[in-house]
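What follows is one chain in structure tokens, specifically the form predicted alone.
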């Protein structure tokens, strides 16, 4: 090893720049204390390149180590799991920069940097992040080329590193396809419990769903085998809320009645589709209302909501079949009791309204129609920013403000039905979805969060009614245009004519990116054991032994092709400075001083100088002239003449 390389300014600048690029994406993942501490050490080391006297002495290094440990401790991250482990490696990388003394330290920092780069995939697996990590890996590899070849040219080093990565990519693809998948990732067991995903809750109160109304965060994507369901049928079922205290709605506590439920009877058209869920904390799967066919690990609870035993903190894919027309049948006593629960006796104003709409003396269907017409014809408004209704929100909404989001309409509708003695409940989930015609799938985002109602009717079972559609039918028939939401709470809806969207270049670009990202998530990120088995089976590969044979054969073919390319390249013309240097080597070889394969010019000179003490100056001059002429930034004819003269005068 050449210790002087550890003090080479070009190498250090290149190395520190690559380290900054590697840690930079972690700014959104790591605590500010950890990221700030690393940035401070990196800046200090940059200063030390030109002012080595400013670098810390041993006592200061010990002090910095203690500070790093204190930063880790104050963040309460520990050393296990994704966050704690990544923080530990980043701080260790920063501290190691303070003691670069030998070439060995440069190698150690590079290897540690590769680990930090790989840790990015524990947080994000997007295609953009994959491209970025390949880029920074290329820069890191170029640093190793820089160190090993002693080439003071970043462009040459980057080209060589890119060539190495290009040769390795086919191998990586084959290993990725054929190598047995290892899942689930064990580091998920150590995730911090406070790292929660935002989204739909298992409770509902005024404002709980409207908080999501302006969120562009993706929840799941759906690809149908045939035609898409019309917008009015795009209800994605989530938690069913039955009990209320007049303000908050929660799920029922007793599900023991599930054993007595009738099996739903389905009729009419059905939809088969593949649902790709984004990572979330809950075990909910938002199926099209109502799911009829599904397989493990999916299960259906007493409210016909799908849940999964799979780990939804990673993207998960499910194949489902749903029917929009169904009859759930019999109503159990427990359901009947829960679906008619009231927090207190209704007020006189509520009773008068129910009486006015004939809720006490007409069939439920007629009362429901009158109630929906009441919302439709009276001065009710749909808004994302309703006024605060802290006390008695249902009555305040019905008789005073009359401005509300879907949660206000659903809760008021169910309450008025229960006052009339009709079993009803609130259903939360998502409604709608933006169609991506390039990939032929729907994207459902947090802004599509919605609340509707179910009413139990004789001979029909639980039937869906959406009071929001009576006030704002566009909410159901069209998609909310998130980019057009304005601060005053007004809502714009996407135009139904896809040709209008085609004129918008930005929207088309987003759809194209959505299509690319969807296939990346399905075929790369979600390439698990099941998908691997299905894919390889299509080529007749059905067992582990055959899979290994195929992998070895294809890797062998790629290796052979690359070897042939390397072996049968046209011989390059020897550069003039190299030809002159070879004359120097021949003179030495005649006396038994042979340069070893792979040995650098500097290393060879250092090895033979103790053996030729009388020729030390000549050997140093020739070696320096050769390195300057071959690897320097300004080779010249004068430099070549000088090298040639030195070699000609060299005699043993």
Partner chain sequence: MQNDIQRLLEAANQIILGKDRQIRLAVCCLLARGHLLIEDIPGVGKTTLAHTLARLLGMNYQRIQFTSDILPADIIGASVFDSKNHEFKFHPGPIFNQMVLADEINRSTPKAQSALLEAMEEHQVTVEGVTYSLPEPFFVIATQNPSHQIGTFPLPESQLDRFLMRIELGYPDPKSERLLLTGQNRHHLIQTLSEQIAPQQLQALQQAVTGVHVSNALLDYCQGIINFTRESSEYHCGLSPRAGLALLTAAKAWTYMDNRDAVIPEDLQAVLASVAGHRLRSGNNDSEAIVAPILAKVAVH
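Everything quoted here is computed from the prediction, not taken from an experiment. Positions refer to the first chain, counted from 1.
There is also a form predicted together with its partner chain; it is not shown, and the following applies to it.
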Item checked: Among 29-37, 62-70, 613-621, 596-604, the region lying within 4.5 Å of its partner chain in the predicted bound form by heavy atom distance -> 596-604
Check: 261, 162, 173, 578: which sits within 4.5 Å of its partner chain in the predicted bound form by any heavy atom?
Finding: 578
Check: Just one of 49, 588, 41, 627 has a heavy atom within 4.5 angstroms of its partner chain in the predicted bound form, so which one?
Finding: 627
Notebook entry, point to check: Counting only non-hydrogen atoms and a 4.5 angstroms cut-off, does residue 633 reach its partner chain in the predicted bound form?
Noted result: yes
